[in-house]
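Quick heads-up: it's one chain on its own, the form predicted alone, in structure tokens.
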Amino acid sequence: MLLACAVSLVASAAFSVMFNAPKKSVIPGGVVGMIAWMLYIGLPAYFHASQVFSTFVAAFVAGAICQVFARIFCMPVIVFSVSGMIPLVPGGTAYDTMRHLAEGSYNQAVQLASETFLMAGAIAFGLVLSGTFIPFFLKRLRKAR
């Protein structure tokens, strides 16, 4: 588990570098990706959650952390969210979908395609919810001080 966390941190940070993110956002972007990956892997393993639900929770938490990092580092949210969402993208499932389509096993391909679309929708829905509620929550928290 520790090795997987380190690899997800490095991979997310590498995507930050690849997308020409500012230098001071590389490590925080990697941390966001690491936390998202830990939730994505940990929720089904320890709480028997479905892959779609764990993807949604990971996207929501990662989006919330991106909102906080954007205010701390005075940068746009997208700088952190792009690298943070990379570990959640269902690329392997999409590949398997296309492989089953090419092999002619359409029933398996349809099942994998629906899982891929649900996971992609969960990422989008988690980002939208965190982008809607977290700024509102942070604004109310700032007023309360």
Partner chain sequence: MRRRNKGMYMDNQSYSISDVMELCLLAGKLMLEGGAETHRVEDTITRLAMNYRVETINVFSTPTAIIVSMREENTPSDYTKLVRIHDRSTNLQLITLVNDLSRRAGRDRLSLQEARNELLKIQKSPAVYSTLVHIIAAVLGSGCFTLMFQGSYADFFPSVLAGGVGYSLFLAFRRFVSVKFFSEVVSSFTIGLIARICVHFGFGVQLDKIIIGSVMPLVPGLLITNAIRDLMSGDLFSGLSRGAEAFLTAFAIGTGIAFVIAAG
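This structure is a prediction, so every number in the text was calculated from the model and none was measured. Positions refer to the first chain, counted from 1.
Absent from the display: the form predicted together with its partner chain. The rest refers to it.
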Query - The unique member of Y106, Y95, F53, F47 whose heavy atoms fall within 4.5 Å of its partner chain in the model of the complex - result: Y95
Report task. Could you spot which one of V82, V61, L118, V31 gets a heavy atom to within 4.5 Å of its partner chain in the model of the complex? Result -> V82
Query raised in the report: If you check in the model of the complex, do V17, V77 and A124 all have a non-hydrogen atom within 4.5 Å of its partner chain?
Result: yes
Query raised in the report: Contact between L112 and its partner chain in the model of the complex at 4.5 Å, heavy atoms?
Result: no
**Report entry** is_contact(I86, its partner chain) in the model of the complex, heavy atom dist at most 4.5 Å
**Finding:** yes
Report task. Evaluate L138 for contact with its partner chain in the model of the complex, applying a 4.5 angstroms cut-off between non-hydrogen atoms, and reply yes or no. Result -> no
Query raised in the report: Can you check whether A11 is within 4.5 Å of its partner chain in the model of the complex, heavy atom basis?
Result: yes
